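First, one chain by itself: the form predicted alone, in structure tokens.
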């Protein structure tokens, strides 16, 4: 499981470094935008699954590649039909990304609250023992 998280981090860093050093023609901007959103959705989904102890590297990698390819294909079909399908793709992946982020945030807050409650319980036991 730790290896999966390390792989995700390596790919995210590689993607950021590549994106900072590559100039993308304007005609491909819609394709790249939806591919990035699809990949980010997969990364946040993987983080959410990891927090729920459900992470599987094969599911992450297949989702990462397939989501990006499907998103790019939809943008291509939309451009051939002269319909802005990429807007629907952006909305869907942004919604999924935000849902995954919300799940991650909720898990962090829940774990923090549990640790705080446990700490208070231990503190109250120490106070009772002193009395």
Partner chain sequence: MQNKSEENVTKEKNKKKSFDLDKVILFIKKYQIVSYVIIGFALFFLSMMLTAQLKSMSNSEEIIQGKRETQLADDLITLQRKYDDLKKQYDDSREVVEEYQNNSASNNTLISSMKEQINSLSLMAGTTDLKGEGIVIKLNDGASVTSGDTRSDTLVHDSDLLTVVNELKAAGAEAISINGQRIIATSAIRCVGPVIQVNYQKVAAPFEIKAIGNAQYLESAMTIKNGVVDMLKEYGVDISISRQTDIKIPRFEGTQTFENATVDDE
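Positions refer to the first chain, counted from 1. Each form is matched to the other, and the largest set of C-alpha atoms that superpose within 1.5 Å is called the rigid core. Not measured: the values here are computed from a predicted model.
From this point on, the text means the form predicted together with the partner chain, which you will not see here.
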Select from the listed residues 36, 51, 74, 97 the one whose heavy atoms reach within 4.5 Å of the partner chain in the predicted complex. 36
When the partner chain is placed as it is in the predicted complex, which of 28-36, 74-82, 102-110, 87-95 ends up with heavy atoms within 4.5 Å of it? 28-36
Is there a heavy atom of residue 117 lying 4.5 Å or less from a heavy atom of the partner chain in the predicted complex? no
Under a 4.5 Å heavy atom criterion, is residue 57 part of the interface with the partner chain in the predicted complex? yes
If you check in the predicted complex, is residue 122 within 4.5 Å of the partner chain, heavy atoms only? no
Is residue 61 one of the residues lying within 4.5 Å of the partner chain in the predicted complex, judged by heavy atom distances? yes
Partner contacts in the predicted complex for 6-27 (non-hydrogen atom within 4.5 angstroms of the partner chain): 7, 8, 11, 12, 14, 15, 16, 18, 19, 20, 21, 22, 23, 24, 26
Displaced residue check between this form and the one not shown: residue 117, CA, 2 Å or over, core reference: no
